[in-house]
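Below sits a lone chain in structure tokens, taken as the form predicted alone.
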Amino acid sequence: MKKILVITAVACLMMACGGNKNQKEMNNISNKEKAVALLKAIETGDNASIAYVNAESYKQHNLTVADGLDGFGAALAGLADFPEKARVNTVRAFEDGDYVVCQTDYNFYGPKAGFDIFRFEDGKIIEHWDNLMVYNGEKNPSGHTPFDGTTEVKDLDKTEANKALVRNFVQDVLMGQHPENLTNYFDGNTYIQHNTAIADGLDGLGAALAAMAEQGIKMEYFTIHKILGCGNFVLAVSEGRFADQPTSYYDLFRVENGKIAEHWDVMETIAPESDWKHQNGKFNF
């Protein structure tokens, strides 16, 4: 019965598409606030936030969710059969032009760490990308989680310089074009790491890479698909392979005084095309 009610509510929303929100109200809300509200609706069931999605043109890049608002509604309806209550806590969010980036602590079909990217047009969401990984609360060797750390967005005048720095770092170091430049991107060994398997500092990064090499595990970056940033925060969306599996990398960096000071990430294995629910692809920005 609960599932029927959820499906009915979602279907009604798709037809009305936010009758509770007039255009004036929507114009007074930032795109960042709309994106955060839409995600929070997964937890609260606040149906009014569906009005922030363009019902006629919504492209989905999560490969496990069908395209369009119908696919989004079906994903929400499926929560009715899940034993745990959904939880959505967006820790960081920022805008870059028509894009909004959200970093979120989820319990959505199980506990997860995730990044979501929304593209807006005329004040409504028309496209969505994400990267998700299972996260059960463990801390890394330095005691950090995928979510803790600085949240303040500042240095807005340095956005483009910081985006260029991160792009160069990914190319030089992660893609291996100029690995000898590694130390140029950091202020000595003062580097805060939130990857669940790696300790702080370049020492921690080096130790983790050495341990993976001993196990024959390769972490490879092939392509940068998108760099998005606001002030001191920059997200790099890349594609590569990890342990011989095709992988999507979302790396969030905090830049301070022209150096990388902090790092959060989510890695997701890319499903085989035979399992995709649409043909929009994982990236295609």
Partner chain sequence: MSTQKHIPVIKFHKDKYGDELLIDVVTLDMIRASKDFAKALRQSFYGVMLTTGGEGDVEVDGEPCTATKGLVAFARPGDVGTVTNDRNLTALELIFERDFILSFFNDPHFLDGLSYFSTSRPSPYVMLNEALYNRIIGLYVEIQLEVANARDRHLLRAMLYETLMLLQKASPVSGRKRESSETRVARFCELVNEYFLTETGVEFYAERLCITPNYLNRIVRQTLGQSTKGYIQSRRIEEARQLLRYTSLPVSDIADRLGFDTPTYFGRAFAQATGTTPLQFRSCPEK
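Positions refer to the first chain, counted from 1. Just so it is clear, the model here is predicted, and its values are computed rather than measured.
This next part talks about the form predicted in complex with the partner chain, which is not shown.
Next on the checklist: Given that the partner chain is not shown alongside this chain, does Leu156 nevertheless sit within 4.5 Å of it in the predicted bound form, heavy atom to heavy atom?
Outcome noted: No, Leu156 stays farther than 4.5 Å from the partner chain in the predicted bound form.
Item to check | Close approach of Leu202 to the partner chain in the predicted bound form, 4.5 Å, heavy atom | outcome: Yes.
Checklist entry - Quick one: is Ile198 in contact with the partner chain in the predicted bound form, heavy atoms, 4.5 Å cut-off? => result Contact check for Ile198: no, nothing within 4.5 Å of the partner chain in the predicted bound form.
Next on the checklist: Against the partner chain in the predicted bound form, would Ala161 count as a contact residue? Criterion: heavy atoms within 4.5 Å.
Outcome noted: Ala161 lies outside the contact set for the partner chain.
Checklist entry - Exactly one of Thr151, Asn181, Asn168, Ser142 has a non-hydrogen atom within 4.5 Å of the partner chain in the predicted bound form; which residue is it? => result Only one option qualifies, and that one is Asn181.
Checklist entry - in the predicted bound form, which of the listed residues (Met175, Cys102, Ile192, Ala77) lies with a heavy atom within 4.5 Å of the partner chain? => result Spelling it out, the residue with a heavy atom inside the cut-off is Met175.
Checklist entry - Does every residue of Ile42, Gly45 and Ile117 put a non-hydrogen atom within 4.5 angstroms of the partner chain in the predicted bound form? => result No, none of the three is in contact.
Item to check | Heavy atom contact within 4.5 Å of the partner chain in the predicted bound form, the stretch among 208 to 216, 93 to 101, 68 to 76, 120 to 128 | outcome: Among the candidates, contact is made by 208 to 216.
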